[in-house]
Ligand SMILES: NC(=O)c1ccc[n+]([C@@H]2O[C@H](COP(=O)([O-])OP(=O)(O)OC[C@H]3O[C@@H](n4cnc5c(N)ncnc54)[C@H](O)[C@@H]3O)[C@@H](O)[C@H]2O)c1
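Next up: just one chain, as structure tokens, the form predicted alone.
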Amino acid sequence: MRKNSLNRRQFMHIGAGAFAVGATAKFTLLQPHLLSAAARPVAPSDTIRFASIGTGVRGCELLEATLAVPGVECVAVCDLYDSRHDAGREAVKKNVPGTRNYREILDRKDVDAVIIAVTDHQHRRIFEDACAAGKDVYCEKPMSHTVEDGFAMVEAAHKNSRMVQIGSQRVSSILYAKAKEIYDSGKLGEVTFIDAYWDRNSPSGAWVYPIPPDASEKTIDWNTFLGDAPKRPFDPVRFFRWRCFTDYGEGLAGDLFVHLISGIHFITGTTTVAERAQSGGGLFHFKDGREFPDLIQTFYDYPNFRMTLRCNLNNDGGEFIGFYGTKGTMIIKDSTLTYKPQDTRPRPEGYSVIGWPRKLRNEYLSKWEEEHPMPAPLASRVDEEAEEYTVPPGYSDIPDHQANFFNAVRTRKPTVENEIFGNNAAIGCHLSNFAYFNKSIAVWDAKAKKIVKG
């Protein structure tokens, strides 16, 4: 140890900043936005009237969230399962008409917008019909079931000049807004790697939902549910646990990766698709006839950074995104955001010179000190300090996301998570699944608008 010891002056030169960086983080409780779908009070004649097409788990969550948004009114609900009509009415706390046929809703002149909260494989058809009928669209994530579907949906929105928002609500979160502020400030330096995961460990988290006792071919429009998917006998497991099957959903990529991708695209300002992806994983625990893995990890190549995503249904790891830059690290863990700067000021090499003779080592250190004069005592402090942010107890970003959509409907100003944004995020899900099922690198051919083997 004595051979590599530094004198007091060298220690003070190197260590002052490190001490400052290690200080306790500054803590901030973020304040929610004042929810409003308009910049001023809304007159009854200016109320936005909407209907929800799909009133399952997610549809009801969205309906409940709209209760916090002023100036909007639900006027109808639609679902292929009759009991969900009552569930939708209960969620919106209003006795509105219910139907199995979404076209009845699109024919109504008093409907300005629709929420599409159905299975992934039904998104395109309902989305295109809604746009053609002049309705603005809030479409649940992932936007598309296939690459082709996504581009057709973008075209429909543009052709009919519709306002569109896709349902990855992290884009509207006050926590993610703060993360974007830090990222845009340059405090992280150059970010070349992003790591994220969303892990759950419960049957519910793995979509093993209970089958309602009244589920039958009488209460469910099974043939309409199948749509363009392969025909098969009535199967309530496929109806209620549809995310498990490739005919209707996108598995973990479509359920959870899309949230992570959307959040990362929002924070980094990414407006493109990953150039290629490699996936690994497997089906380890939930061997219940499903077709998707319960563990998947994908490595993405973006033009300016690399990114890994993981979802594991066999461990309760929660939600995490880490941004690793040359000047600092930013972590989002569940409802908390932390930023930790790095002390990147010049310092003499202390490791490799261990193998130098004392004379050469002292000459090196003396020269280094001449070329790097000690700063004044007050200037030795690192300007930045660690920061920590969290949201208030009970905060939800779902009402914020709903408010942003209805504000777009009223102002005709596009949302952040519009059809282009949503399509890019969905393609990230398709890349992951393509790589997993084909056991090959998935390459995005932007010119051809398709995924090919690498």
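Numbering starts at 1 and follows the sequence shown. Keep in mind that this is a model prediction, so the values were computed, not measured.
What follows is about the form predicted in complex with the ligand, which we do not show.
### Query
Can you pick the one in 420, 391, 386, 57 that has a heavy atom within 4.5 Å of the ligand in the predicted bound form?
Spelling it out, the residue with a heavy atom inside the cut-off is 57.
### Query
Taking the ligand in the predicted bound form as the reference, which of 339, 242, 300, 323 has a non-hydrogen atom within 4.5 Å?
Going through each option in turn, the one that passes is 242.
### Task
Counting only non-hydrogen atoms, choose the one of 146 to 154, 118 to 126, 290 to 298, 186 to 194 that falls within 4.5 Å of the ligand in the predicted bound form.
The contacting stretch here is 118 to 126.
### Query
According to a 4.5 angstroms non-hydrogen atom cut-off, is residue 172 in contact with the ligand in the predicted bound form?
No, no contact at 4.5 Å.
### Query
Going by a heavy atom distance of 4.5 Å, is residue 272 a contact of the ligand in the predicted bound form?
Answer no; every heavy atom of residue 272 is more than 4.5 Å from the ligand in the predicted bound form.
### Query
Should residue 261 be counted as a contact of the ligand in the predicted bound form, where contact means heavy atoms within 4.5 Å?
No, residue 261 stays farther than 4.5 Å from the ligand in the predicted bound form.
### Message
Please determine whether residue 304 contacts the ligand in the predicted bound form, using a 4.5 Å cut-off between heavy atoms.
### Response
Outside the cut-off, so no.
### Task
State yes only if every one of 202, 317 and 395 has a non-hydrogen atom within 4.5 Å of the ligand in the predicted bound form; otherwise state no.
Verified in the predicted bound form; spot residues all out of contact, no.
### Residues in 124 to 150 close to the ligand in the predicted bound form, defined by a heavy atom within 4.5 Å, in order
Counting only heavy atoms within 4.5 Å of the ligand in the predicted bound form, the contacting residues of 124 to 150 are 126, 140, 141, 142.
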